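The chain below stands alone and is given as structure tokens, in the form predicted alone.
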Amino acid sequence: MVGVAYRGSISLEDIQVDFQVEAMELGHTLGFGVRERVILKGQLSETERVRLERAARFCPVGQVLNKGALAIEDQVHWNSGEVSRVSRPLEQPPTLPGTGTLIPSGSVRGRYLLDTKEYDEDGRMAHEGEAKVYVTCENLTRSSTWTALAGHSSQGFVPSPIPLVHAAWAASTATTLNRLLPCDIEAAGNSTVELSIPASGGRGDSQSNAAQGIVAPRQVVRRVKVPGTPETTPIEVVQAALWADPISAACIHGGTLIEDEVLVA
């Protein structure tokens, strides 16, 4: 939204984003839903407010999680050497033990760091800057909080948003496979996940699409390595485990946004 405001000469002074996260059914599995609240600060006209509101609802990461913007091909590799390719989830996947695990509810607070914008020698914005993100959820004994930095920076120490969400997706998928796939003790924890995602035109194109409310599909190849053979770990079971993953369910069903609200302070 900072990039959209800059390119549109909109006097956005500050921005805050808050998410409430809760479990919800997505297709044949339990995923998560998000209630989003965005607070904009600045002297904004109605046209500018509408443009920024549209950018919030069509941001690149949001398109991945709530608009089904990924075209996913899965490549399944077994330890025995066989390979299978699938491009769509099963309509009636088998039920696996453990797929009813609830997603913990929690909250996410994003705070933009105003002094992290970077300009080139001609005074044009080269990097939109960074945001500090606070994630809180309940566990078995107490609440836990994590803090992360993300954004667009020349320093290279802060991950960009899209690679960050892809890393979270890969980690979540690997964890789900290791939890749900049948395997012996020696093979447990041996599932791996790799994502291959071609470049999609760059930050400027993504922000332009968001400002116009355009969904830009992304082609993704997800390669997973699983223990056993196609006989001991059937492809139908692997597919069921893949789409029982909560982030995968959000990506394919595009149903995580329960409600959203954009306010101008």
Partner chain sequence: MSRQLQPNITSTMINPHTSLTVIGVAVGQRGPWPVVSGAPNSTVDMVAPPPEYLAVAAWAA
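Positions refer to the first chain, counted from 1. Quick caveat: nothing in here was measured; it's all calculated off a predicted structure.
The next section is about a form of this same protein that is not shown, the form predicted together with its partner chain.
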Of Leu44, Ala216, Ile197, Ile39, which one comes within 4.5 Å of its partner chain in the predicted bound form, counting heavy atoms only? Ile197
Of these, Met125, Cys137, Leu113, Leu96, which has a heavy atom no more than 4.5 Å from its partner chain in the predicted bound form? Cys137
Is it true that Ile103, Thr192 and Thr256, all three, sit within 4.5 Å of its partner chain in the predicted bound form, judged by heavy atoms? yes
Contact label in the predicted bound form: Ala131 to its partner chain, heavy atom within 4.5 Å: yes
In the predicted bound form, does Leu26 have a heavy atom within 4.5 Å of its partner chain? no
Indicate whether its partner chain has at least one heavy atom within 4.5 Å of a heavy atom of Val238 in the predicted bound form. no
Distance check, Asn79 to its partner chain in the predicted bound form, heavy atom within 4.5 Å: no
Need the contact residues for 131 to 162: heavy atom within 4.5 Å of its partner chain in the predicted bound form, sequence order, or none if there are none. Ala131, Val133, Val135, Thr136, Cys137, Glu138, Asn139, Leu140, Thr141, Arg142, Trp146, Ala150, Ser153, Ser154, Gln155, Gly156, Phe157, Val158, Pro159, Pro161
